[in-house]
Ligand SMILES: Cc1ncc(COP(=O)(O)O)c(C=O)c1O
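Before any questions on binding or motion, here is one chain by itself as structure tokens, the form predicted alone.
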Amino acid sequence: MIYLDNAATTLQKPEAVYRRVAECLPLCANPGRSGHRLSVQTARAVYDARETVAAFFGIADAMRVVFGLNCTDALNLALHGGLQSGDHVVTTSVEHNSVLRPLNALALQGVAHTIIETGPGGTLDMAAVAAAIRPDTKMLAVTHASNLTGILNPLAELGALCRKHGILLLVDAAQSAGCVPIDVQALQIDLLAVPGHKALFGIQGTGFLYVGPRAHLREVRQGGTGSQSSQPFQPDVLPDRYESGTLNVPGIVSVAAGIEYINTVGIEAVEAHDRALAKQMLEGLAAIPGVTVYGNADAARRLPVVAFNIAGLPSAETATRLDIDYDIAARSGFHCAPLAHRSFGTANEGSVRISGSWFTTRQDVEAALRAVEALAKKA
């Protein structure tokens, strides 16, 4: 099968990731819970992984890397832990439900939010963002790249704007982490939510939140941490305050192995490869009669994540035909981004999304383009 659903999860991982997990499992004790050598060895593996993550994202203090269930879990910690009644948040219309649903839940608790519409081009208007900031604004919550179109937001400008107004910058890097360089200090990011199972090539059920020095979060769950166990309340030290319960050690070391692989090939090489795929996808789809491609067509501002529709063919039918007739995996529907579909004018029908990875070839994309063309001719 040609797998073009990498925006949901990467299917092909580097061999080093599989080996690291296999090596970890037989020796995987509970880190920090015991003093025997297997526990100490496992704790060292987690610490090393934390250091690997920190170095990759320009994080000065590895203890500010908080491992969790996934990117959604990290975003919930940032939003529910960082906001309270009377606060205001600025966000955008291309956010994933992992941001929108927590904000809607927080609205019932007195946390207001303003949504900046991107319009059909999917590009963020910096003037509109600045104009939405109020005296009670606590945070700007923004995706780095749309999970529907792959369009990148200008993090450097957003970081500078947030520092100017003294508010926190929360970045959802679900699509971009591992595809383009991200340095939290250079970009002035206060909170960075990252999944392990996408472009970092880790296994599913992994993710982390970087908690910067300006961000002071409440814990959203309490429990065993292996530290200060005689105390009745959650430890106040990082990362223990936010890491209750047994960690997913095989998953954590898989993420470290994925990052080490990216370091070997070079993040710049990954970025160039992804931009070439995005250009091929955009230009190829745009040249097919009856196909509508959504969002800004500038491949330099996009990841290889492209949404489209074929005139006269529902998105679900297109994806089904790609799967059954052409052995191509794509995703149809609303992609957990309902407001983005409203911005692109597809709120009623959804769209088809194809998304590549480092392991996607030009031949894979060419085969998908031929299949879409054949379907468009029949529609």
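Not measured: the values here are computed from a predicted model. Numbers for residues come from their place in the sequence shown, where the first is 1.
Keep in mind the form predicted in complex with the ligand is missing from the figure; the text below concerns it.
Consider the chain as shown here, without its partner, and state which of Asn153, Thr118, Thr91, Asn147 has a heavy atom within 4.5 Å of the ligand in the predicted complex. Exactly one listed residue reaches within 4.5 Å, namely Asn147.
Ok, Gln188, Gln234, Thr72, Thr137: which has a heavy atom sitting within 4.5 Å of the ligand in the predicted complex? Checking each option against the ligand in the predicted complex, the one that comes within 4.5 Å is Thr72.
Thinking of the ligand in the predicted complex, which stretch from 294 to 302, 277 to 285, 212 to 220, 96 to 104 has heavy atoms inside 4.5 Å of it? Of the stretches listed, the one contacting the partner is 96 to 104.
Give a yes/no on whether Pro195 approaches the ligand to within 4.5 Å in the predicted complex, heavy atoms considered. It does: once the ligand is placed as it appears in the predicted complex, Pro195 has a heavy atom within 4.5 Å of it.
Mark Ser254 yes when one of its heavy atoms lies within 4.5 Å of a heavy atom of the ligand in the predicted complex, and no otherwise. No, no contact at 4.5 Å.
is_contact(Val372, the ligand) in the predicted complex, heavy atom dist at most 4.5 Å: Judged by the heavy-atom cut-off of 4.5 Å, Val372 is well away from the ligand in the predicted complex.
I'd like to know whether Leu4 contacts the ligand in the predicted complex, with contact meaning heavy atoms within 4.5 angstroms. No.
Who in 158 to 184 is close to the ligand in the predicted complex, meaning a heavy atom within 4.5 Å? Contacting residues: Asp172, Ala174, Gln175.
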